[in-house]
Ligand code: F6P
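A single chain comes next, written as structure tokens; it is the form predicted alone.
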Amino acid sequence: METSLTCCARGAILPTASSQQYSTLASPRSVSPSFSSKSLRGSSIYGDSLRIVPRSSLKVSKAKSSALVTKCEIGDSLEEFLTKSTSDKGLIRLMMCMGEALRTIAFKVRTASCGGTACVNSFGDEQLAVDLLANKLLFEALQYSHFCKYACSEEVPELQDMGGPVEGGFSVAFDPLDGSSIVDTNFTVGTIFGVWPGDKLTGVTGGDQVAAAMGIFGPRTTYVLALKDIPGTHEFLLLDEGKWQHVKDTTTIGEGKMFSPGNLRATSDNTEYAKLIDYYVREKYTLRYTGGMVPDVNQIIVKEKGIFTNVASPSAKAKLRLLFEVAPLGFLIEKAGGYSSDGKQSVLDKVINNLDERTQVAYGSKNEIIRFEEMLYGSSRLKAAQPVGAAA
């Protein structure tokens, strides 16, 4: 990894990794007991404490983010891409800070020691399971972005006050390390997060997000993100020197015989789901399933085809959380030109009534989602006039 870290456009908040001078952390104005300033004082990025930018130097941007400066290009840095894509300086800062956290999580995952019960790594003087370590890093990054009002995670499913503004600020929900149980097997894992405007994470829908992203920690480390006011889903590659470089845009999810079937135990008492899986096998679809939601959904974006399913049944209840996983990934898939469904509607249309709400889901191309809805419930809201069928 590189020896110098920076975070956030126009005003770094992370010191160099070689710095010996630690700055004092300011306590947040109001943080719930489960995320205390005491825990922050012992935390660090690559062993160094964060220093804050004076809050007085930060101004909330009221400009509309749809005013693009210029066309984004492959090869742009993350900061260049964001600056071209939105005039909302708060959103730029937040996405940059989350990028720094993802870079650090990637390093910590790569260097984790895995035993019989958990994979652990150091965080300051503590030894933490990598999912809890990722959780702390993300909360820390959000607080020091200064533009996050509330945050909550799958590990801490309660609103945490990050001290940011309501007007011009954001609320963020995240799954710190999806697939943490397969870190020891060296499978790909990842982070998922969604960004909502203001101070609400309930009573909203996935369609209300202003941004969503995932970090993928595999043979390559990538940061895949989408912003509400620009088309497409965009992939950034972490280079050896520690920079994020724009390497791919996805704007269309086409037809193709590739499937990733989650929660297969549900086929034992969900006959419709069993018939759908039989269809994929009979039609010679290629099985591409890792057991990690992040890589399985990301491959649809990268390959620009396929279907991911995770269906519930009476004995195998829905376990995927709408706020932390399903809605942000739905945003990424639909911005990429694909479709999402809970069987009857887009997951982006589902109202998030509580932080721990769970749902079944499918992501994929239009024809695959039509087939999914028809086979599970007899009809599809997307039904086209012509017959549907996947191309080889």
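All figures in this text were calculated on a predicted structure; none of them were measured in a lab. The first residue of the shown sequence is 1; numbering continues from there.
Keep in mind that the form predicted in complex with the ligand is not shown, yet the notes after this line are about it.
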Out of 140-148, 176-184, 84-92, 242-250, where are the residues with a heavy atom within 4.5 Å of the ligand in the predicted bound form?
-> 176-184
Looking at the partner-bound form in the predicted bound form, is F308 within 4.5 Å of the ligand by any heavy atom?
-> yes
Would G198 show up as a contact with the ligand in the predicted bound form if we use heavy atoms at 4.5 Å?
-> no
R220 within 4.5 Å of the ligand in the predicted bound form, heavy atoms = no
Given that the partner is absent here, does G169 sit within 4.5 Å of the ligand in the predicted bound form, heavy atoms only?
-> no
Looking at K275, R110, K303, R265, which is the one with a non-hydrogen atom within 4.5 Å of the ligand in the predicted bound form?
-> R265
Identify which of G164, G99, G206, G292 has a heavy atom within 4.5 Å of the ligand in the predicted bound form; exactly one of them does.
-> G292
Would you mind checking 319-335 for residues with a heavy atom within 4.5 Å of the ligand in the predicted bound form?
-> K319, L320, E325
